[in-house]
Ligand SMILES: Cc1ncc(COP(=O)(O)O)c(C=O)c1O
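Consider the single chain below, provided in structure tokens and representing the form predicted alone.
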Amino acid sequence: MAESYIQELFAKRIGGNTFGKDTKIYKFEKIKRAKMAAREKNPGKELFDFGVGEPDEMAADMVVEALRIECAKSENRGYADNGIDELKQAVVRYMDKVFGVTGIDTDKEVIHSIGSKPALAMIPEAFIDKGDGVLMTAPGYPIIATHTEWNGGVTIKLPLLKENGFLPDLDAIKEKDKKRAKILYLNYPNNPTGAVATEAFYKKAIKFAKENDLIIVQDAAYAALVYDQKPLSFLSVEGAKDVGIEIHSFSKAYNMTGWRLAFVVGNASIVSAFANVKDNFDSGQFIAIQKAGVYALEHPEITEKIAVKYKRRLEMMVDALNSAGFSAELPKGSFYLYVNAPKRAGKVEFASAEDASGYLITEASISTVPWDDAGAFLRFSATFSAKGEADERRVTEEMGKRLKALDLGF
């Protein structure tokens, strides 16, 4: 048993002397518990997990083979520190080939990260002091907000509304928030809405950043996963590199979730600051993984093939959801469907998306992720477990049948 005085030593940022005693159950823990309860209640019923936000398949065979070869080489055994030149050079070629972004300085404007999550966690270390603000889209991935607040900063939430194409309304930001903000965090294609940003929006964001002396951090984890259009990089827009960076992940684009590899590219001063912080947190990703990443970047057709699968699944999901009363539309990017949560099932009323999500798990063995940040919505992911197109159709059709049987009201 831990000594009692240890409880008094915990930092206030993680709860201080109340750490570990909080009885509040967070969203994803509730989902986990609800799935366990659903399996106990209906042990013979297949649970369809549309909540998981990571690819359901392994990385491409040749990427795995590249890792196998590289991890056996003696020269790859040491610390990578802030990354190998081969990966930086591959990033420059990739940004040009896939997004048409040219003129990136290999030495000053690109650096790797052990996944995009650590990059988002470290950036506030370089910019946020007590009282500083981060403009943060909501709903959204919370990591940069968490570390902003741990540094004594404040998070200013920008609601993503359907009527605005799930883009933040920069004109609605209050003057006091503009003055204290140092960072504007964007994430397009967006998790969870599936929306993509337009060139016009990026131009407006760049102008906003220059007028208000702040930087833009564009989380591009899903950048290459778009449908019926060419991938758009924030850095392809004039002036972007003057004010911001873009963070690209191998996790979603190349099914390399557990490999933990990403890169930060853009403004040299921001990259330098991130590199300085990073150098005090880690010693770089395993060089063999970086070299496998080089192979991946040289074959963007891998991502194109993955996108074909997701689009097929998303179309099936749209049909299934709409047959049960939802108003689902194929997203322009990512692998998510973001739909209005039902308000009732039969005579059972839902006060929130979280209530609706819990009911779907318990009564239909269908897992989703609820969002109540800007209206009540459910996120359905196309990364559900299925083996081949026939099984995908079986799962989505069965989902539709189960949902229809609930008599959902909107």
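None of the values given here were measured: they were computed from a predicted structure. Quick note: we count residues from 1 along the sequence shown, nothing fancier.
Unshown form predicted in complex with the named molecule; subsequent notes refer to it.
Shown without its partner, this chain lists R260, K309, K178, K157 as candidates; in the predicted complex, only R260 has a non-hydrogen atom within 4.5 angstroms of the named molecule. Between the named molecule and the residues G115, G83, P231, P300, the one pair within 4.5 Å by heavy atoms in the predicted complex involves G115.
Comparing 264-272, 221-229, 90-98, 169-177 against the named molecule in the predicted complex, the single stretch with non-hydrogen atoms within 4.5 angstroms of it is 221-229.
Among residues of the shown chain, I144 is not one whose heavy atoms approach the named molecule to within 4.5 Å in the predicted complex. Put simply, L120 is close to the named molecule in the predicted complex: some heavy atom of it is within 4.5 Å. When contacts are judged by a 4.5 Å heavy atom cut-off, Y185 counts as touching the named molecule in the predicted complex. Contact annotation for S251: at least one heavy atom lies within 4.5 Å of the named molecule in the predicted complex.
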